[in-house]
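Just the one chain here, the form predicted on its own, laid out as structure tokens.
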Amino acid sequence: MSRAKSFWAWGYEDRFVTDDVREKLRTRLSAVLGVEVAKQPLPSFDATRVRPPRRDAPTEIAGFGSTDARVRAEHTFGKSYADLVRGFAGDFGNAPDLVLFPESEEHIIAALAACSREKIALIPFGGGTSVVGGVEGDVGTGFTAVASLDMRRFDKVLDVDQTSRAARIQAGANGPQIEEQLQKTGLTLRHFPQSYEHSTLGGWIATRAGGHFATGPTHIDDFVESIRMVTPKGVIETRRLPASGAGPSPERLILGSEGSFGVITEAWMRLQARPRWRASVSVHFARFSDGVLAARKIAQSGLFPANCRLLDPGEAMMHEVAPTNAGASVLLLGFESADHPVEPWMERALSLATDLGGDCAEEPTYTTSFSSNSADRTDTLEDNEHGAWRKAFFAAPYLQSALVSMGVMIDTFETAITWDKFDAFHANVSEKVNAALKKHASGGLLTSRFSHVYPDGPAPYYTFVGSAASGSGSGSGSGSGAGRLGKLEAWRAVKEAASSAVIEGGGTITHHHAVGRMHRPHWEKERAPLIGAAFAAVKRELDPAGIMNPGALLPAPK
């Protein structure tokens, strides 16, 4: 029996936080924000209204489609703050008219043909975990209907090449399904984004997803060997090769395309042996700037740690990573290997950190496991500050939903910037976002961490928390129209301040969350105009009717 997913919140219904946890969160956030946070009654789908479909499904695809109201509601949004607020308020005005569950490429080909002919916008749904408006039916007025394409029945590991260490995997398989099927091989894809439990291989490829690990292979780009995609004009399948210098890479055209060119159906993915040796340690820094320098030195050392995550004091406090050393920044270091013990690498990295003022209160933890068939853990972490971080990392989406149910504004934004620009960049982003929080949410909290580090720069990841109910024009009420619109108004103002500061400072609008409808205006400022024109030409060639996810990545056709 399959577990029911929430129609408005993150993940499974039975994993939504308990009322006791909500009360603890309410008390804690009231103290942090200086505003009384109130628990609100959770929404019931029975009280939710979903508009009826605007038209019948074309005959050739009706057999694998659904117009059920609950199914359509579950495919209306991704999981951004704005999505959660609207779902909590029962606002499903953008619900797709039809949800398709293809079981074969023939079904997909039929869907693309019918939707092109009938001018039905088609949106690949993936796992529905987009936080940038990537799966919403906001497609403009040029379509007769909107169909959501759910690939969950494409969930198999079809072939494993043990010699080359690669696997052919269907695009609808989510993280746990992939690892469970690979378990008996002793190999792993080793891609663990925060959305790992629900997001899919096709979604990872379409959005250029980033995994949990800080260095080395971590972006899904690093694992792709070849891709198969069905477009309205035909099938594209790239060759399996370890590398090629033959012209621009066709895989790079599909990676990050966000469903704008076609539907990814499967891919050959590079695998790795399951790690056996692991090491972890936490280093505290009295000054955040010293932690930044340590992270840079380690990133440029050639040691390639699996974890090199720097948390500022606010981030450490929020996740209770350093409760005994309040005010400290924390650098979480980890190494792992399937081939050899990792003590020398850890000792050198620790030496670099402590030479720059880092304090290591406890010795590194070393673990060894020689069972290659055991299920792989998603980290390098033990029951210490690393363990606290890991637990918080994967629980965070559930906690965000809980906080939204209490009227708290909480969201994230992430970017990448070169080391030489980081100090000024970070100061400016912090200033602009804190000012926006003060103006629109009567203050709040901005925290940051490095999610990934590269030899030439970090990927800063920011979280902002505020009380939207106290912001200008916020309205009031649990899920009321005025309250909902006010919360979104305050959030949009803070989000815009963050996005503008990122672009002005020379950062990218997204390091791994994708473009979607939310980031497209700022991405258009980031990229060269001719690049946008080239992508538009590709879309016209592969998708002449313009039905594929219009408005995400590229504007909807006029």
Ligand SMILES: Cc1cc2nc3c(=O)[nH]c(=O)nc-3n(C[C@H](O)[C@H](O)[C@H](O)COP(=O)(O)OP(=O)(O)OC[C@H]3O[C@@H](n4cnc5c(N)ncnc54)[C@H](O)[C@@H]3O)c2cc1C
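These numbers were taken from a predicted model, which means no experiment stands behind them. Don't overthink the numbering: it's just position in the shown sequence, from 1.
The protein also exists as the form predicted in complex with the ligand; that form is not presented, and the subsequent description refers to it.
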Fill in: Single option in V330, A349, A209, M269 placed near the ligand in the model of the complex, where near means a heavy atom within 4.5 Å
A209
Worksheet item: With the ligand left out of view, which of Q194, Q177, T238, S442 would have a heavy atom within 4.5 Å of it in the model of the complex?
Response: Q194
Discussion item. Test of understanding: in the model of the complex, would V85 fall inside 4.5 Å of the ligand by heavy atoms?
Written reply: no
Worksheet item: Could you tell me if R190 has a non-hydrogen atom within 4.5 Å of the ligand in the model of the complex?
Response: no
Practice prompt. Would you check, heavy atoms only and a 4.5 Å threshold, whether H513 touches the ligand in the model of the complex?
Written response: yes
Item to complete: Consider G202 of the chain shown here, and say whether it contacts the ligand in the model of the complex, taking contact as heavy atoms within 4.5 Å.
Response: yes
Worksheet entry | Contact stretch among 259 to 267, 287 to 295, 313 to 321, 423 to 431 - heavy atom within 4.5 Å of the ligand in the model of the complex | 259 to 267
Item to complete: May I ask you to list the residues of 151 to 185 that have any heavy atom within 4.5 angstroms of the ligand in the model of the complex, in sequence order?
Response: M151, A171
